[in-house]
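In the block that follows, a single chain appears as structure tokens, in the form predicted alone.
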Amino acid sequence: MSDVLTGIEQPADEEAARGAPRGSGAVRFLLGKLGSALLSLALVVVLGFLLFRMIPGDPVVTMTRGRPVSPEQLAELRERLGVDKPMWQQFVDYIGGLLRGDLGTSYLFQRPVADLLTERLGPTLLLVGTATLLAIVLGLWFGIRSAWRRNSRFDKVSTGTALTLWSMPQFWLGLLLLIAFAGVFPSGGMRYSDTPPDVFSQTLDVAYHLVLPCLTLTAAVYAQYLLVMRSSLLEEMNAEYLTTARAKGLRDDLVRRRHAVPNALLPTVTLVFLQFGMVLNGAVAVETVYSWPGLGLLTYEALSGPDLPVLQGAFLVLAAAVILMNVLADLLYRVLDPRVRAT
């Protein structure tokens, strides 16, 4: 028996013998995740630079289309934009600018890329944040009730509807909603130009324009939360602690709310962080359909050039959002699940 106890307590004794401070495992975990994130971000920078230079099209020709421009003027413009340099030199200039916090100047808008991204980030966060919140609420509500009423008509209809909406391309779903609600809600933009400047009127105007793009993005996203919550809760329904709770005389609603749902929430909470960055990227199609002035529409407009500095900056921001959300999801999972902290 003493040998068995000694074997069980050996890892703790070894850690104490090594003099490892309490919490050193968490520090190593955090440093490892941050290192992986920085490496991923470095790969994104390289990939973003090379990827957009493979897009067919000459930004100088696009900028001067329809204007009488001589070959000398075209050469001068290429030199001013830096696209006449060898690829390796353009890459060095790009990295140097990033290290200085300079994302370059837009070819099409003739403005600093950092200013454009900052200006367009707010509308995108408003759209994605609202849609994500609605998707979480709907997904959890339908997922819990679908699992608790497994194989019922409610379960089949809610799950089937969610899968149907999830399988639709977002731009196509947006076009369908535009046709269905034409004349009821605005077809594009974020606000009317003649709206009074007071805060209340502006807020109502933005909310009115937000309805269709938010509905489109919510319908395309909430199925993931529904299916994960439903699957997690189904795994918990036959657990012994639920049988014990029922044997104590607790009502079925209390068993579900106090015992089953909290234990089934962990995968869904993690999914929220993992999917937020992806939803941010997925807003490109929705913003383009509804002319919502966010990062997605800016990226679409930059593709027509191609406006390389804007494309590189938008790609970097969107990819960084995915990386950041993945790191937060890993950290949150470690906080919520004691089994992960023990490893």
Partner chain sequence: MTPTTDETRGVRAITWARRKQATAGVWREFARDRGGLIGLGGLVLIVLLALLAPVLTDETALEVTNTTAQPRQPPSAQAWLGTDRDGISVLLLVWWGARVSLLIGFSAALLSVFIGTAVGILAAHFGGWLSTTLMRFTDFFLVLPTLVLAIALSAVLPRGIGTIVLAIGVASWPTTARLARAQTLTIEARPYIERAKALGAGHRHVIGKHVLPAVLPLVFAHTTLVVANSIIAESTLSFLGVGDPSRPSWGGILQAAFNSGAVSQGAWWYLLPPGIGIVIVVLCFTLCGRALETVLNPRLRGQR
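Positions refer to the first chain, counted from 1. As the structure is a prediction and not an experimental result, all values here were calculated from the model. Only the largest set of C-alpha atoms that superpose within 1.5 Å between the two forms is called the rigid core.
FYI, the form predicted in complex with the partner chain isn't displayed, but the following is about it.
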| item | value |
| --- | --- |
| Listed residue (S152, T164, Q89, T118) with a non-hydrogen atom within 4.5 angstroms of the partner chain in the predicted bound form | T164 |
| Contact residue in the predicted bound form, chosen from L138, L234, L81, L126 - any heavy atom within 4.5 Å of the partner chain | L234 |
| Contact flag, V157 vs the partner chain in the predicted bound form, heavy atom cut 4.5 Å | no |
| Close approach of L43 to the partner chain in the predicted bound form, 4.5 Å, heavy atom | yes |
| In the predicted bound form, V322 touching the partner chain (heavy atom, 4.5 Å) | yes |
| 4.5 angstroms heavy atom contact with the partner chain in the predicted bound form for Y300 | yes |
| Interface stretch in the predicted bound form with the partner chain - options 81-89, 167-175, 96-104, 128-136, non-hydrogen atom within 4.5 Å | 167-175 |
| All of V211, C214 and L265 with a heavy atom within 4.5 Å of the partner chain in the predicted bound form | no |
| Partner contacts for 301-322, taking the partner chain in the predicted bound form and a 4.5 Å heavy atom cut-off | L303, P306, L308, L311, F315, L318, A319, V322 |
| Cα displacement of S40 between the shown form and the other one reaching 2 Å, rigid core superposed | yes |
